[in-house]
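Read the single chain below, which is given as structure tokens and is the form predicted alone.
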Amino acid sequence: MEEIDQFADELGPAKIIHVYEPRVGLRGTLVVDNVAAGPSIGGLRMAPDVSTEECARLARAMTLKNAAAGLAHGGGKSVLYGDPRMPADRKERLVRAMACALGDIQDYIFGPDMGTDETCMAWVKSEIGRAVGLPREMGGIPLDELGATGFGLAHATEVALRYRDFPLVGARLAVQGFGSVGIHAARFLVARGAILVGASDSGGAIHDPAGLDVEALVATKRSGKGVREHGKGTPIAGEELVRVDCEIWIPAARPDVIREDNEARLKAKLVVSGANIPITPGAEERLHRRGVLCVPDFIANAGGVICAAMEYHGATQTAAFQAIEERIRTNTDAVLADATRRGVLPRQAAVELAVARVRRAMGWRRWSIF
């Protein structure tokens, strides 16, 4: 109970489970935050430096995200300690072991996240029969391959620009985390007229004020190289991407990349969060005070979980993408309109919207002691 008490409030978490199997090197954590609306959906994140605190924060973000998106699912998250770039056979053993360790937890549905993908979800599905974000061959809608989260981010950005003083066409874009989410966000936004001037990954960043060729940069990544090895533009340190002159900045990687100690360097006018919890609360307050509009993570990046939930319930790819567009555009406008009208942070308006929905679901559910 002491560990739960560190993160507990009226919404959750419902449970925190640690798994450990030294014979295969397995160490992981699951946080099921709230299941009032239905079984939780949340990704399996794999990284060497994950933690219970990060898992709990991400699980809460999923509760809010799923509620705001109007899904019949609560929020949860699992983390697996390890380098996702380890040999494939070892990674497969760890992911399968994690799935088996959590196989009896029926109120958690695995999905892909940072460090895991459709193949990992296929391993989970084959072990316990409960996963989303599956390969097509297993009846899934491969949300990373199709760019479901990036598709939603593009729509959130378009709506957010109603509340800014510049158009999307010609707007300079920087993407922090040029991976499965960041790549597709860049593709969709550049197709709508934005200019990609900066991108980063775990190995560093690249900047070109004249614009980067998105597909050429993707090809560099597909070849196994980092963005700094692209050959065009100026290589810079990853943390320097925050200084790049641009109108739109998309964080699409780890938590807390914009903090009180670097917030003042950010030059963008609009931040659309592709990652979960990428801005610390204090930094978000400061950005708001100096006129930078931040679209909250669980509003802007819900495309992936909307797609996953619809896959789980048997929807088609077309229906899933229609739902992403409709729900994200509606929610982004509702949150920003409410925040503008009341003069509050968009995050406050978004949290109030989502929490109200969770509370209503909690009021209808018969809770059992078990």
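Since the model is a prediction, treat every value here as computed from it, not as a measurement. So that there is no doubt, residue numbering starts at 1 and follows the sequence shown.
Keep in mind that the form predicted together with a small molecule is not shown, yet the notes after this line are about it.
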M114, heavy atom within 4.5 angstroms of the small molecule in the predicted complex: yes
In the predicted complex, P235 touching the small molecule (heavy atom, 4.5 Å): no
Exercise: E284 in contact with the small molecule in the predicted complex, heavy atom 4.5 Å: no
Partner contact for Q176 in the predicted complex: the small molecule, 4.5 angstroms, heavy atom: yes
Residues A68, H155 and T332 all lining the small molecule in the predicted complex, heavy atom within 4.5 Å: no
Among the candidates V244, I195, L102, A253, the residue which, in the predicted complex, approaches the small molecule to within 4.5 Å (heavy atoms): A253
Contact stretch among 207-215, 268-276, 160-168, 91-99 - heavy atom within 4.5 Å of the small molecule in the predicted complex: 268-276
